[in-house]
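Only one chain is shown below, in C-alpha coordinates, and it's the form predicted alone.
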Amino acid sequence: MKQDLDTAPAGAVAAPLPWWGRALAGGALAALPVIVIGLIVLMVAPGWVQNLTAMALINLMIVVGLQIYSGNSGIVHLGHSAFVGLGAYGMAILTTPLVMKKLSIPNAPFGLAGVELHWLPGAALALLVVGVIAWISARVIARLSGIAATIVSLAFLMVIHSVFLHWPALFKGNQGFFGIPKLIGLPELLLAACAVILIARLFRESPGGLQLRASAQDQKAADAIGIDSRALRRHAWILSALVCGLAGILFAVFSGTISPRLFFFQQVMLTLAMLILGGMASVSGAVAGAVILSLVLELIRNIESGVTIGGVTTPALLGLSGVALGMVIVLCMALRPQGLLGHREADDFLEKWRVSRTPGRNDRRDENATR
(Lines give C-alpha, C1' and ligand atoms only; values in the text may rest on other atoms or scores of the structure.)
Protein backbone atom coordinates (compact mmCIF):
# COMPACT_ATOMS: atom_id res chain seq x y z
CA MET A 1 0.00 0.00 0.00
CA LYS A 2 2.81 2.41 0.87
CA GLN A 3 4.52 1.65 -2.41
CA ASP A 4 1.29 2.40 -4.34
CA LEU A 5 0.98 5.74 -2.57
CA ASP A 6 4.61 6.57 -3.27
CA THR A 7 4.29 5.82 -6.99
CA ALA A 8 0.94 7.57 -7.47
CA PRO A 9 0.73 11.00 -9.13
CA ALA A 10 1.07 13.93 -6.74
CA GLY A 11 -2.17 15.13 -5.21
CA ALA A 12 -4.36 12.05 -5.52
CA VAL A 13 -4.47 8.30 -5.60
CA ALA A 14 -6.68 7.09 -8.46
CA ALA A 15 -8.88 4.11 -7.75
CA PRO A 16 -8.22 1.30 -10.23
CA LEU A 17 -10.93 0.57 -12.77
CA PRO A 18 -12.68 -2.81 -12.72
CA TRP A 19 -11.65 -5.19 -15.47
CA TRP A 20 -14.70 -4.36 -17.59
CA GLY A 21 -14.01 -0.65 -17.24
CA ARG A 22 -10.43 -1.11 -18.43
CA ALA A 23 -11.70 -3.28 -21.28
CA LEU A 24 -14.26 -0.74 -22.47
CA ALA A 25 -11.80 2.15 -22.22
CA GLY A 26 -9.07 0.20 -24.00
CA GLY A 27 -11.47 -1.06 -26.65
CA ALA A 28 -12.71 2.47 -27.32
CA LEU A 29 -9.11 3.64 -27.72
CA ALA A 30 -8.35 0.78 -30.14
CA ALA A 31 -11.48 1.62 -32.14
CA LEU A 32 -10.68 5.34 -32.29
CA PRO A 33 -8.51 5.27 -35.45
CA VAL A 34 -11.12 3.09 -37.16
CA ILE A 35 -13.82 5.63 -36.28
CA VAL A 36 -11.70 8.56 -37.49
CA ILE A 37 -10.86 6.90 -40.81
CA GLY A 38 -14.46 5.81 -41.31
CA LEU A 39 -15.86 9.28 -40.66
CA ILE A 40 -13.35 10.91 -42.99
CA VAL A 41 -14.24 8.45 -45.75
CA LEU A 42 -17.96 9.05 -45.18
CA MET A 43 -17.57 12.81 -45.41
CA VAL A 44 -15.15 13.31 -48.29
CA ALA A 45 -14.49 10.07 -50.19
CA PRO A 46 -16.29 8.97 -53.37
CA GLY A 47 -18.54 5.92 -53.45
CA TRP A 48 -15.92 3.44 -54.64
CA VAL A 49 -13.62 4.37 -51.76
CA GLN A 50 -16.50 3.89 -49.33
CA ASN A 51 -17.08 0.41 -50.76
CA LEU A 52 -13.40 -0.47 -50.29
CA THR A 53 -13.55 0.84 -46.73
CA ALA A 54 -16.64 -1.24 -46.05
CA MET A 55 -14.88 -4.40 -47.21
CA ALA A 56 -11.89 -3.48 -45.05
CA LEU A 57 -14.19 -3.17 -42.03
CA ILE A 58 -15.63 -6.63 -42.72
CA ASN A 59 -12.10 -8.04 -42.88
CA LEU A 60 -11.29 -6.22 -39.64
CA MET A 61 -14.23 -7.92 -37.90
CA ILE A 62 -13.05 -11.30 -39.16
CA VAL A 63 -9.51 -10.62 -37.92
CA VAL A 64 -10.78 -9.57 -34.49
CA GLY A 65 -12.96 -12.69 -34.38
CA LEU A 66 -9.90 -14.78 -35.20
CA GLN A 67 -7.96 -13.02 -32.44
CA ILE A 68 -10.58 -13.94 -29.84
CA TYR A 69 -9.65 -17.60 -30.19
CA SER A 70 -6.08 -17.65 -31.49
CA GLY A 71 -4.82 -14.65 -29.54
CA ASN A 72 -6.05 -15.94 -26.20
CA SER A 73 -5.55 -19.68 -26.62
CA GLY A 74 -2.23 -19.47 -28.48
CA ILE A 75 -3.57 -21.90 -31.11
CA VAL A 76 -3.54 -20.91 -34.79
CA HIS A 77 -7.09 -21.18 -36.14
CA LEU A 78 -7.49 -21.77 -39.90
CA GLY A 79 -11.20 -22.54 -39.97
CA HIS A 80 -12.64 -19.12 -39.18
CA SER A 81 -13.69 -18.43 -42.78
CA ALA A 82 -16.07 -21.40 -42.56
CA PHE A 83 -18.10 -19.51 -39.97
CA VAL A 84 -18.03 -16.38 -42.13
CA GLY A 85 -19.48 -18.43 -44.98
CA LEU A 86 -22.09 -20.08 -42.76
CA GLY A 87 -23.30 -16.69 -41.55
CA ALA A 88 -23.40 -15.28 -45.08
CA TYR A 89 -25.26 -18.24 -46.58
CA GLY A 90 -27.61 -18.49 -43.62
CA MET A 91 -28.60 -14.85 -44.05
CA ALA A 92 -28.92 -15.24 -47.82
CA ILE A 93 -31.12 -18.34 -47.63
CA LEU A 94 -33.43 -16.88 -44.98
CA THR A 95 -33.89 -13.30 -46.25
CA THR A 96 -33.66 -13.47 -50.05
CA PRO A 97 -37.05 -12.58 -51.63
CA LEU A 98 -39.12 -15.53 -52.83
CA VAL A 99 -39.07 -14.27 -56.41
CA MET A 100 -35.29 -14.45 -56.47
CA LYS A 101 -35.26 -17.82 -54.71
CA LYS A 102 -37.29 -19.31 -57.55
CA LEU A 103 -34.37 -18.43 -59.80
CA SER A 104 -31.49 -19.31 -57.49
CA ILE A 105 -32.58 -22.23 -55.25
CA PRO A 106 -36.01 -23.39 -56.42
CA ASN A 107 -35.43 -26.92 -55.06
CA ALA A 108 -34.07 -25.95 -51.64
CA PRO A 109 -34.71 -28.65 -49.01
CA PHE A 110 -36.68 -28.29 -45.76
CA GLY A 111 -39.11 -25.92 -47.44
CA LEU A 112 -36.55 -23.11 -47.43
CA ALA A 113 -37.45 -22.13 -51.00
CA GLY A 114 -40.71 -20.75 -49.58
CA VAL A 115 -39.22 -18.93 -46.58
CA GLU A 116 -38.60 -15.18 -46.55
CA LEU A 117 -37.84 -13.62 -43.18
CA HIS A 118 -37.34 -10.04 -42.07
CA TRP A 119 -33.66 -9.21 -41.70
CA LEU A 120 -33.71 -9.19 -37.87
CA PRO A 121 -35.09 -12.71 -37.24
CA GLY A 122 -33.13 -13.89 -40.28
CA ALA A 123 -29.87 -12.63 -38.80
CA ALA A 124 -30.74 -14.07 -35.37
CA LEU A 125 -31.53 -17.49 -36.86
CA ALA A 126 -28.38 -17.45 -39.00
CA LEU A 127 -26.29 -16.67 -35.90
CA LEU A 128 -28.08 -19.44 -34.04
CA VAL A 129 -27.08 -21.93 -36.75
CA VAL A 130 -23.49 -20.69 -36.58
CA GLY A 131 -23.54 -21.03 -32.80
CA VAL A 132 -24.87 -24.60 -32.90
CA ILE A 133 -22.25 -25.69 -35.43
CA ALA A 134 -19.58 -23.92 -33.38
CA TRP A 135 -20.75 -25.66 -30.21
CA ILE A 136 -20.61 -29.07 -31.91
CA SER A 137 -17.16 -28.48 -33.42
CA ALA A 138 -15.90 -27.02 -30.13
CA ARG A 139 -16.45 -30.38 -28.43
CA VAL A 140 -13.67 -31.71 -30.67
CA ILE A 141 -11.36 -28.72 -31.09
CA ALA A 142 -11.22 -27.95 -27.35
CA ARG A 143 -9.67 -31.35 -26.65
CA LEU A 144 -6.70 -30.53 -28.87
CA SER A 145 -3.84 -28.08 -28.67
CA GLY A 146 -0.88 -27.02 -30.79
CA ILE A 147 -0.50 -28.22 -34.35
CA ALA A 148 -3.21 -30.88 -33.91
CA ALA A 149 -5.85 -28.21 -33.24
CA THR A 150 -4.62 -26.16 -36.21
CA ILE A 151 -4.89 -29.13 -38.56
CA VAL A 152 -8.38 -29.99 -37.33
CA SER A 153 -9.51 -26.39 -37.82
CA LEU A 154 -8.22 -26.55 -41.40
CA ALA A 155 -10.08 -29.84 -41.94
CA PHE A 156 -13.24 -28.16 -40.61
CA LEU A 157 -12.85 -25.39 -43.21
CA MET A 158 -12.46 -27.95 -45.99
CA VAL A 159 -15.55 -29.88 -44.86
CA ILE A 160 -17.74 -26.76 -44.80
CA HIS A 161 -16.37 -25.59 -48.16
CA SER A 162 -17.15 -28.99 -49.68
CA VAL A 163 -20.72 -28.74 -48.39
CA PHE A 164 -21.07 -25.32 -50.04
CA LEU A 165 -19.81 -26.74 -53.34
CA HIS A 166 -21.61 -30.08 -53.42
CA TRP A 167 -25.05 -29.14 -52.10
CA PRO A 168 -26.21 -26.94 -54.99
CA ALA A 169 -29.89 -27.28 -54.11
CA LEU A 170 -29.23 -25.16 -51.01
CA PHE A 171 -25.98 -23.27 -51.66
CA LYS A 172 -25.94 -23.10 -55.51
CA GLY A 173 -22.62 -24.92 -55.66
CA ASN A 174 -19.83 -22.99 -57.34
CA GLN A 175 -22.22 -20.39 -58.75
CA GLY A 176 -22.88 -17.06 -57.11
CA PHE A 177 -25.88 -16.73 -54.81
CA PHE A 178 -27.57 -13.52 -55.96
CA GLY A 179 -30.61 -11.49 -55.05
CA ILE A 180 -29.72 -10.97 -51.38
CA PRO A 181 -31.31 -7.71 -50.19
CA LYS A 182 -28.76 -4.94 -49.68
CA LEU A 183 -29.67 -3.54 -46.30
CA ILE A 184 -26.61 -1.78 -44.88
CA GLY A 185 -23.85 0.61 -45.83
CA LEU A 186 -20.63 1.97 -44.40
CA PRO A 187 -22.17 3.63 -41.28
CA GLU A 188 -23.69 0.34 -40.08
CA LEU A 189 -20.46 -1.55 -40.74
CA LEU A 190 -18.50 1.07 -38.82
CA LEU A 191 -20.76 0.67 -35.79
CA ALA A 192 -20.55 -3.13 -36.02
CA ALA A 193 -16.74 -3.05 -36.22
CA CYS A 194 -16.52 -0.88 -33.10
CA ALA A 195 -18.90 -3.21 -31.26
CA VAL A 196 -16.82 -6.25 -32.23
CA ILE A 197 -13.64 -4.56 -30.97
CA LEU A 198 -15.29 -3.87 -27.61
CA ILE A 199 -16.57 -7.47 -27.36
CA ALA A 200 -13.11 -8.87 -28.09
CA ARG A 201 -11.48 -6.60 -25.53
CA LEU A 202 -14.11 -7.49 -22.91
CA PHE A 203 -13.39 -11.18 -23.43
CA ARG A 204 -9.63 -10.65 -23.29
CA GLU A 205 -9.81 -8.78 -19.98
CA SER A 206 -12.45 -11.03 -18.41
CA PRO A 207 -11.44 -13.61 -15.79
CA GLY A 208 -12.02 -16.35 -18.36
CA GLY A 209 -9.86 -14.61 -20.96
CA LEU A 210 -7.09 -14.08 -18.42
CA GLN A 211 -7.19 -17.74 -17.40
CA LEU A 212 -7.16 -18.86 -21.04
CA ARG A 213 -4.05 -16.79 -21.77
CA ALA A 214 -2.41 -18.18 -18.63
CA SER A 215 -3.16 -21.75 -19.68
CA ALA A 216 -1.70 -21.05 -23.12
CA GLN A 217 1.56 -19.95 -21.52
CA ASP A 218 1.85 -22.82 -19.05
CA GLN A 219 -0.66 -25.64 -19.39
CA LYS A 220 0.72 -27.68 -16.48
CA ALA A 221 0.60 -24.76 -14.07
CA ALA A 222 -2.95 -23.96 -15.17
CA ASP A 223 -4.02 -27.55 -14.57
CA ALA A 224 -2.35 -27.51 -11.16
CA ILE A 225 -4.47 -24.59 -9.94
CA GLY A 226 -7.72 -26.00 -11.37
CA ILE A 227 -8.16 -23.96 -14.57
CA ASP A 228 -10.44 -25.82 -17.00
CA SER A 229 -8.60 -24.92 -20.20
CA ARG A 230 -10.85 -27.09 -22.36
CA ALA A 231 -13.97 -25.22 -21.27
CA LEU A 232 -12.24 -21.89 -21.81
CA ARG A 233 -11.13 -22.90 -25.31
CA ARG A 234 -14.72 -23.94 -26.08
CA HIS A 235 -16.02 -20.55 -24.98
CA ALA A 236 -13.41 -18.69 -27.04
CA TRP A 237 -14.10 -20.88 -30.09
CA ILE A 238 -17.85 -20.24 -29.93
CA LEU A 239 -17.47 -16.48 -29.39
CA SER A 240 -14.95 -16.31 -32.25
CA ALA A 241 -17.39 -18.21 -34.49
CA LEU A 242 -20.26 -15.87 -33.64
CA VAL A 243 -18.17 -12.78 -34.44
CA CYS A 244 -17.03 -14.29 -37.75
CA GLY A 245 -20.60 -15.36 -38.50
CA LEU A 246 -21.78 -11.79 -37.85
CA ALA A 247 -19.15 -10.54 -40.30
CA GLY A 248 -20.51 -12.99 -42.89
CA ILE A 249 -24.08 -11.83 -42.31
CA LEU A 250 -23.07 -8.21 -42.77
CA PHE A 251 -21.08 -9.06 -45.88
CA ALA A 252 -24.10 -10.78 -47.44
CA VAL A 253 -26.48 -7.87 -46.88
CA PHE A 254 -23.85 -5.35 -47.98
CA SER A 255 -22.68 -6.98 -51.22
CA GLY A 256 -25.94 -8.67 -52.28
CA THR A 257 -24.14 -11.69 -53.76
CA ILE A 258 -21.84 -14.40 -52.38
CA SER A 259 -20.01 -17.51 -53.60
CA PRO A 260 -18.02 -20.30 -51.87
CA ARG A 261 -14.64 -19.12 -53.14
CA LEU A 262 -14.99 -15.95 -51.07
CA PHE A 263 -14.79 -18.00 -47.87
CA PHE A 264 -11.85 -20.25 -48.59
CA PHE A 265 -8.05 -20.05 -48.59
CA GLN A 266 -7.72 -16.52 -49.98
CA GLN A 267 -9.74 -15.04 -47.12
CA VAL A 268 -7.98 -17.28 -44.59
CA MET A 269 -4.52 -16.15 -45.69
CA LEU A 270 -5.53 -12.48 -45.90
CA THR A 271 -7.00 -12.29 -42.41
CA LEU A 272 -4.25 -14.46 -40.91
CA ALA A 273 -1.60 -12.15 -42.40
CA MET A 274 -3.37 -9.14 -40.90
CA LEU A 275 -3.39 -10.76 -37.47
CA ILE A 276 0.25 -11.85 -37.66
CA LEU A 277 1.33 -8.38 -38.79
CA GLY A 278 -0.39 -6.51 -35.96
CA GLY A 279 0.16 -9.07 -33.23
CA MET A 280 -1.97 -12.07 -32.37
CA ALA A 281 -1.93 -11.52 -28.61
CA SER A 282 -3.75 -8.18 -28.54
CA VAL A 283 -7.00 -6.77 -29.90
CA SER A 284 -5.25 -3.51 -30.77
CA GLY A 285 -2.72 -5.53 -32.78
CA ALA A 286 -5.52 -7.18 -34.74
CA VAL A 287 -7.02 -3.76 -35.51
CA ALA A 288 -3.64 -2.27 -36.47
CA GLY A 289 -2.77 -5.20 -38.73
CA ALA A 290 -6.13 -5.03 -40.51
CA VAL A 291 -5.88 -1.28 -41.09
CA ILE A 292 -2.25 -1.27 -42.24
CA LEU A 293 -2.50 -4.28 -44.54
CA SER A 294 -5.78 -3.06 -46.06
CA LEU A 295 -4.08 0.21 -47.05
CA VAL A 296 -0.93 -1.52 -48.32
CA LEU A 297 -2.83 -4.09 -50.38
CA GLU A 298 -4.98 -1.44 -52.02
CA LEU A 299 -1.81 0.40 -53.06
CA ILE A 300 -0.35 -2.86 -54.40
CA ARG A 301 -3.53 -3.64 -56.37
CA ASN A 302 -3.18 -0.28 -58.11
CA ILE A 303 0.42 -1.16 -59.00
CA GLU A 304 -0.57 -4.61 -60.28
CA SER A 305 -2.38 -3.24 -63.30
CA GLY A 306 0.49 -0.88 -64.13
CA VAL A 307 0.99 2.79 -63.27
CA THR A 308 2.18 5.75 -65.32
CA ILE A 309 5.00 7.82 -63.82
CA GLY A 310 6.50 10.66 -65.83
CA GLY A 311 5.11 9.31 -69.07
CA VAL A 312 6.47 5.82 -68.44
CA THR A 313 3.99 3.01 -67.75
CA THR A 314 5.17 0.13 -65.62
CA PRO A 315 4.31 -3.40 -66.77
CA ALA A 316 1.40 -5.27 -65.19
CA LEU A 317 2.45 -7.32 -62.19
CA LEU A 318 -0.46 -9.69 -61.75
CA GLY A 319 -0.36 -11.68 -58.54
CA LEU A 320 1.73 -9.10 -56.68
CA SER A 321 -0.83 -8.88 -53.85
CA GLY A 322 -0.50 -12.63 -53.23
CA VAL A 323 3.28 -12.30 -53.11
CA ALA A 324 2.92 -9.42 -50.67
CA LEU A 325 0.72 -11.49 -48.34
CA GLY A 326 3.23 -14.30 -48.33
CA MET A 327 6.08 -11.89 -47.66
CA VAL A 328 4.22 -10.31 -44.74
CA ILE A 329 3.77 -13.70 -43.08
CA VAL A 330 7.35 -14.84 -43.74
CA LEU A 331 9.02 -11.59 -42.65
CA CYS A 332 6.88 -11.19 -39.54
CA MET A 333 7.50 -14.76 -38.41
CA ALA A 334 11.24 -14.40 -39.08
CA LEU A 335 11.88 -10.89 -37.75
CA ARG A 336 9.07 -10.13 -35.30
CA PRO A 337 6.92 -13.19 -34.58
CA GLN A 338 5.00 -11.34 -31.85
CA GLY A 339 3.78 -8.75 -34.41
CA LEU A 340 4.04 -4.98 -34.39
CA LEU A 341 2.26 -4.49 -31.05
CA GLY A 342 3.12 -7.83 -29.44
CA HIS A 343 0.99 -8.47 -26.37
CA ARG A 344 0.42 -4.75 -25.69
CA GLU A 345 -2.86 -2.93 -26.15
CA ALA A 346 -3.24 0.68 -27.24
CA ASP A 347 -4.01 1.80 -23.69
CA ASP A 348 -0.76 0.19 -22.48
CA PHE A 349 1.20 2.54 -24.73
CA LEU A 350 -0.93 5.48 -23.60
CA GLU A 351 -0.32 4.63 -19.95
CA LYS A 352 3.41 4.32 -20.55
CA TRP A 353 3.46 7.73 -22.23
CA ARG A 354 1.38 9.26 -19.43
CA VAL A 355 3.71 7.91 -16.76
CA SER A 356 6.76 9.24 -18.59
CA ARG A 357 5.15 12.70 -18.76
CA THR A 358 4.13 12.82 -15.07
CA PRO A 359 6.45 15.25 -13.24
CA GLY A 360 8.35 13.68 -10.38
CA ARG A 361 6.98 10.18 -10.90
CA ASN A 362 10.24 8.77 -12.20
CA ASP A 363 12.07 10.45 -9.31
CA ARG A 364 9.77 8.75 -6.77
CA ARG A 365 10.34 5.42 -8.50
CA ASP A 366 14.11 5.93 -8.21
CA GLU A 367 13.74 6.72 -4.49
CA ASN A 368 11.68 3.56 -3.95
CA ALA A 369 14.25 1.50 -5.82
CA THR A 370 17.04 2.73 -3.53
CA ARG A 371 15.17 2.04 -0.27
Partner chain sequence: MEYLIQQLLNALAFGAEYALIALGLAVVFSIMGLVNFAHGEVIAGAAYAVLLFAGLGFGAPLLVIGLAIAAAIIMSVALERVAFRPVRNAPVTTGLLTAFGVSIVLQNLFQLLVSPRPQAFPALNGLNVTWHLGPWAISSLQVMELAAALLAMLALSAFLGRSLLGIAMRAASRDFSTVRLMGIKANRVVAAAFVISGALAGIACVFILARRGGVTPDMGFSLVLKAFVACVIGGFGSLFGAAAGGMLLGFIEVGLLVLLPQEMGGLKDALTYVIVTMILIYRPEGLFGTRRDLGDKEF
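In this text, all values refer to a predicted model and were calculated from it rather than measured experimentally. Positions refer to the first chain, counted from 1.
Below: the form predicted together with its partner chain, not depicted.
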Response to the item:
Counting only non-hydrogen atoms, the one stretch of 91-99, 125-133, 160-168, 190-198 within 4.5 angstroms of its partner chain in the predicted bound form is 160-168
Worksheet item: All three of 76, 150 and 220 touching its partner chain in the predicted bound form at 4.5 Å, heavy atom to heavy atom?
Response: yes
Worksheet item: Which listed residue (327, 49, 32, 39) meets the criterion of a heavy atom within 4.5 Å of its partner chain in the predicted bound form?
Response: 327
Worksheet, complete the sentence: With the partner omitted here, the residue among 55, 45, 320, 28 that in the predicted bound form has a heavy atom within 4.5 Å of its partner chain is 320
Discussion item. Although the partner isn't part of this model, could you tell me whether residue 333 comes within 4.5 Å of its partner chain in the predicted bound form, counting any heavy atom of the residue?
Written reply: yes
Worksheet item: Hey, in the predicted bound form, does residue 145 get a heavy atom within 4.5 angstroms of its partner chain?
Response: yes
Practice prompt. May I ask you to check whether residue 140 falls inside a 4.5 Å heavy atom distance of its partner chain in the predicted bound form?
Written response: yes
Item to complete: Flag residue 265 as yes or no: does it have a non-hydrogen atom within 4.5 angstroms of any non-hydrogen atom of its partner chain in the predicted bound form?
Response: yes
